[in-house]
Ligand SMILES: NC(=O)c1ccc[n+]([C@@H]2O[C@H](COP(=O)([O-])OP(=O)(O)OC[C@H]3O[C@@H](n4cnc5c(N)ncnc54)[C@H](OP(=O)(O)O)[C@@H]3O)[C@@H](O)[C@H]2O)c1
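Quick setup: one chain, the form predicted on its own, written in structure tokens, and binding and motion questions come after.
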């Protein structure tokens, strides 16, 4: 695809944080955006900042029918979709020993099943066109056990990564023009922590937190240069590689950043 003016990008969770920053960066490049979120007022404000090539669709990603409606709206407005970014998600503050069925079900619904449904929704359109790109925003917690308090969120992101890889391999020979990418941020300075199930720390005050603008820049680069896997900082990839290269994961978990020392 030659120019951003040709691209139509769907962004879920677009009313704030990474999604809002991504929408604004796509607008700045001249791309067309279809912005999904549940909060009408906040979503409309983001769309307003993005200009006339932004379509706001109030939608709940945990409802299949809302995803279908959003795709229909995108095609009606712009004729097609090139990229679908699954960014919506929610965290949790509860260790494994205290998880309830409701905790786990919500984490899987919001962070995994909604993405599965979105991929299944847009895939027939991509197959008809012979091209398309799915970008799934995962998390470093989908690779590493850095925060036991985020237990079910981490599990949901692990599952998301597996689904993404499986779809990529499924399409490799039959639909080579369709790309599936995973982007894994670390801690991001948004309201994610405060909005977590059972509350939590304000992510904006955590040491080393990335700005949502920085994460959005990585997603834009993945859209421009499709690849299977991207971390939002090089150190994250190195950390994942060193963790899984360890002969004894338990021993590795006794060392920073998993365990002591902390002072």
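Positions refer to the first chain, counted from 1. Fair warning: this is a prediction, and the values are worked out from it, not measured in the lab.
The form predicted in complex with the named molecule exists for this protein as well; it is not shown, and the discussion that follows is about that form.
Participant: Would the named molecule in the predicted bound form be within 4.5 angstroms of a non-hydrogen atom of every residue among 62, 110 and 191?
Facilitator: All three within 4.5 Å in the predicted bound form.
Participant: Could you confirm whether residue 186 comes within 4.5 Å of the named molecule in the predicted bound form, counting heavy atoms only?
Facilitator: Answer yes; at least one heavy atom of residue 186 falls within 4.5 Å of the named molecule in the predicted bound form.
Participant: At 4.5 Å between heavy atoms, is residue 85 in contact with the named molecule in the predicted bound form?
Facilitator: Flag for residue 85 set to no.
Participant: Would you please decide whether residue 18 lies within 4.5 angstroms of the named molecule in the predicted bound form, comparing each non-hydrogen atom pair?
Facilitator: Result yes; residue 18 sits at the interface with the named molecule in the predicted bound form.
Participant: At the 4.5 Å heavy atom threshold, is residue 195 in contact with the named molecule in the predicted bound form?
Facilitator: The answer is yes: residue 195 has a heavy atom within 4.5 Å of the named molecule.
Participant: Would you kindly say which of 216, 26, 37, 34 lies with a heavy atom within 4.5 Å of the named molecule in the predicted bound form?
Facilitator: Of the candidates 216, 26, 37, 34, 37 is the one lying within 4.5 Å of the named molecule in the predicted bound form.
Participant: Partner absent here, but in the predicted bound form, which of 117-125, 167-175, 138-146, 95-103 has residues with a heavy atom within 4.5 Å of the named molecule?
Facilitator: In the other structure, the partner sits against 138-146.
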